[in-house]
Structures are given as C-alpha cells and as structure tokens.
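Take a look at this single chain in structure tokens; it is the form predicted on its own.
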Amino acid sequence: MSLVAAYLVPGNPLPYLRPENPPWAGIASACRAAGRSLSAARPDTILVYSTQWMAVLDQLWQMRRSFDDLHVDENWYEYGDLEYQITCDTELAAACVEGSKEIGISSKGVDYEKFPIDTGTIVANGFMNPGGRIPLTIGSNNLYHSFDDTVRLAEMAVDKANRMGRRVAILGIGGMSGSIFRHEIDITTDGIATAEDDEWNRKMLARIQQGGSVSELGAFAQEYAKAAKADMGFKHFGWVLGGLGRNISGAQIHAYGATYGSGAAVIEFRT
C-alpha cells in the first residue's frame, strides 16, 4: 500500500491566526503534532481535499506547480492575513484527472497564476507542512458530489498513487458541527454552539475512534451530518475513508473543540 498516513483537520483559520487563545490553543497544538507525525511518515505527496475549495461543474484538480502568496479570509479577515507556500505534485494530479473520468466523474485540471487557494488548504498546509516541503495533490469539493462520490474519488487517487510508486498521506480538511455564533463573542470563552451539536460531535468521534467498515462509518457519518449540520455534509471524512480502504482500524483524537461555535477536531487515523 502506498498510503502511509491519514488525518482529518479543521480548515477554520482562527486556531492558526490566534493559537494563544485558550479555546483554540489545543487545536493549534494538535495540528502541529499531526504535522510532526506526517513528516515522520515520509510521504512523497499529500492528497488534499478541503471543503472550502468549492466547484460546481467538474471535479477540479490543481495543476500549477507552486504558489507563494498572501491570502485574506473572506469571513475572518479581522484576525490577520495568511501567508502561504504550496508546491503541487502535478503528475499525480494529471493522473487523477484521468482517473476521475474512468470512474464516471467529469474532471479537469486548473492551472493559472494567482489561483484563489482556499483558506482550509492554506491553514492545514501551514500547520502540517510548513514551507510547503511536501508537494500536495489537491482535489476540489464539488457541491453536487455525494458523500459516496467523494469516497470513490479518494479510492481512485490512492490507487493512482500506488501505481506510480508514490508514498502518500491523505488529508481531509473541514469542520464538524456547522452552527456558529452569529453575534460577537468573547473568544476566550468560545464553546460549541449547542449541547445537541456537542453530543453529536462526541458520538461521531467515538465511532471514528472505535473504527469499523467504510460502509458502516459512512452511513453513520451521513446521519451525523444531517443532525449536526456538519461542514459540507462531512464529505472530507468520506475522502479519508476512501483513501484508507474498506476497513478502519481506529483513530487517535488529538483535539476536539470549538471555532466560534462550530465543531473542530484533529484526528489521526491508523494506517
């Protein structure tokens, strides 16, 4: 197997921009710890899916070799700018374009200067791959794709990497429960927006920690997504499931907490 590591991390920039804030400090520390684990696994490429790179017509894959720029998040701009350095494995991305078509999903590559890299990818790369040392293969979140479509895309991507002799880590980027505080809060007292959201998040984390088959975990994840209004239907978890294969032996929950009311977790899966 070419898969050497797998993670689920939040894409919200608040723990990255304000890691000293007590409710976000644990998430920031856990992301950095996951980054050390990822580096120790020595992947050639990181297969990335962020809920914040949204597409509507095709499954898009990033084909530009490198980015070095400054990004301003459209929601949390008052907390600061995001500098980033990203390199891409365009050879594997090209294989994923063709592989998507082979599984019946319309696909194309994108390659142009100043492409608007999304906040989630920037934050996860900054925490876990500082300086862009390891190249990424980045796939979009097509809004019309189902949870199962996303599972199939990740299966395909790992298969293509395996055929090319790549050691890969798979990285799903997104949140848990989706409700946020819609009024200004004291960020030092941040917490999950509702007790019900917190309960569902903890149920989902317990199931992930326990492990099981892709079909069982996928079915529960979709039930969870509806109940907790999870970020983009929790499809980033489908990405990780597809990359891991048919059985999940369990996971370590490095951190769980809130990002302005919404849920966030840092999870490392056993591979």
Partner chain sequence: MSGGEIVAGFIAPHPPHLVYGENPPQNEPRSQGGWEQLRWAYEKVRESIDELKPDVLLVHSPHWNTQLGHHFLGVPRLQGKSVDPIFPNLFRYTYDLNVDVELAQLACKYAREEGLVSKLMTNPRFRVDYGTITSLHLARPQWDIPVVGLSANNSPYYLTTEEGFAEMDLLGKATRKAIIESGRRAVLLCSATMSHRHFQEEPETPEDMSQEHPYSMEMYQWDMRLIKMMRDGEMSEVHKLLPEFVDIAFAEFKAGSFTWMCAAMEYPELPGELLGFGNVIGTGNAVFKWDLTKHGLATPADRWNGATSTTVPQPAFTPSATAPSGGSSGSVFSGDGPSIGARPLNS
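Positions refer to the first chain, counted from 1. Bear in mind that the values here come from a model prediction, so they are computed numbers and not experimental data.
One more form of this protein should be noted, the form predicted in complex with the partner chain, which is absent from this view; the next part is about it.
Colleague: Considering non-hydrogen atoms and a 4.5 Å limit, does the partner chain approach Asp73 in the predicted bound form?
Modeller: Asp73 belongs to the contact set for the partner chain.
Colleague: Although the partner isn't part of this model, could you tell me whether Asp44 comes within 4.5 Å of the partner chain in the predicted bound form, counting any heavy atom of the residue?
Modeller: Heavy-atom contact with the partner chain at 4.5 Å: absent for Asp44.
Colleague: Give a yes or no for Arg207: in the predicted bound form, does one of its heavy atoms lie within 4.5 Å of a heavy atom belonging to the partner chain?
Modeller: It does not: once the partner chain is placed as it appears in the predicted bound form, Arg207 has no heavy atom within 4.5 Å of it.
Colleague: Taking heavy atoms only, is Pro116 within 4.5 angstroms of the partner chain in the predicted bound form?
Modeller: Yes.
Colleague: Could you tell me which stretch in 49-57, 215-223, 35-43, 237-245 has residues with non-hydrogen atoms within 4.5 Å of the partner chain in the predicted bound form?
Modeller: The contacting stretch is 49-57.
Colleague: If you look in the predicted bound form, which residues in 100-115 sit within 4.5 Å of the partner chain (heavy atoms)?
Modeller: Heavy-atom contacts within 4.5 Å come from Ser106, Lys108, Val110, Tyr112, Glu113, Lys114, Phe115.
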